[in-house]
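Next up: just one chain, as structure tokens, the form predicted alone.
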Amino acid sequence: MKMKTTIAGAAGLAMLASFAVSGPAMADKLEDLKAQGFARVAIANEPPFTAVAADGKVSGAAPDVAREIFKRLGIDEIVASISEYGAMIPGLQAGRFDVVTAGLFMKPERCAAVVYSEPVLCDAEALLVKKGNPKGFQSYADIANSEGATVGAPGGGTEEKLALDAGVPRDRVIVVPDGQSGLKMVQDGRIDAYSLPVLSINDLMMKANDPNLAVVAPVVGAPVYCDGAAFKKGDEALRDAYDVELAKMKESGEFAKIIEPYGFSAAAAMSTSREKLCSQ
């Protein structure tokens, strides 16, 4: 994991403030940032989306993606500032940041306030199954249609509701108290699949280190929640340039190489769109 960018201290923030737009905005924000030499990004301290070490160094999937894209756009560095989620959009609108890269999931009300890039980091639903996915599950409907197949899920959680809504009979949706229990039940063959969000399932897999297990993600037909880089309204040209490089990285596989070591699914981000997420 790369950890190169540092958070601006008080003196650094004061210096950054001098770069805030005080007069008429430049017609091309991208050229402005190139001349500035860096982009100011708002982040949270919420691994694996973003992470801040004790020495102030920044890592996490969101900053790493942003850093690479800005480099491709001719902007050498990003300078990150920690912000509460509720303060990110007001700070962006006030010109304190150039972009938010922090796991700020797209919602219609947010999409009305800022301009998002295409999806970057997503939290979708996943299934933990035996190696090779012997029953071929890709969706909750597949489980419903597989005679006698069972799925474990947290009681009262999204996954339980999604399974029931897909037609899995109540007696085949097994309430599981915690992740370790669900993993053990799949290992022992007591359930055919265990369902949690992608990041949670990947974390279980990493800790279990069991080559006889596999992950199906994202679950077809289940909701996908994604963030994107958020830009100030009026900076659509910068957002569009960002999207061009993001699309190239997705196509080349570089995007997956950056985010998947953190536990995110590149396939999940590529399975949806800004337009869809902003209308949900």
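Each residue number is its position in the shown sequence, starting from 1. Small disclaimer: the values here were computed from a predicted structure and weren't measured.
Beyond what is shown, the protein has a form predicted together with a small molecule; the following relates to that form.
S.K.: Of Asn145, Ser181, Thr158, Gln93, which one comes within 4.5 Å of the small molecule in the model of the complex, counting heavy atoms only?
M.R.: Looking at the other structure, the residue within range turns out to be Thr158.
S.K.: So in the model of the complex, does Glu236 come within 4.5 Å of the small molecule, heavy atom to heavy atom?
M.R.: No.
S.K.: Using the partner position in the model of the complex, report whether Glu46 sits within 4.5 Å of the small molecule, counting heavy atoms only.
M.R.: It does: once the small molecule is placed as it appears in the model of the complex, Glu46 has a heavy atom within 4.5 Å of it.
S.K.: Please tell me whether any heavy atom belonging to Arg110 falls inside 4.5 Å of a heavy atom of the small molecule, as the geometry stands in the model of the complex.
M.R.: Yes, contact at 4.5 Å.
S.K.: Are any of the heavy atoms in Phe137 no more than 4.5 Å from a heavy atom of the small molecule in the model of the complex?
M.R.: No, no contact at 4.5 Å.
S.K.: Tell me which of 181-189, 150-158, 68-76, 205-213 has residues with heavy atoms within 4.5 angstroms of the small molecule in the model of the complex?
M.R.: Stretch 150-158 is the one.
S.K.: Ile201 and Thr272: their C-alpha distance differs by 3 angstroms or more in the model of the complex. Do they come closer or move farther apart compared with the shown form?
M.R.: Farther apart in the model of the complex, by 3 Å or more.
S.K.: Just to spell it out: taking the C-alpha atom of Ala126 and the C-alpha atom of Glu245, is that distance smaller or larger in the model of the complex than in the structure shown here, given it changes by 3 Å or more?
M.R.: Farther is correct, given that in the model of the complex the C-alpha spacing of Ala126 to Glu245 is increased by at least 3 Å.
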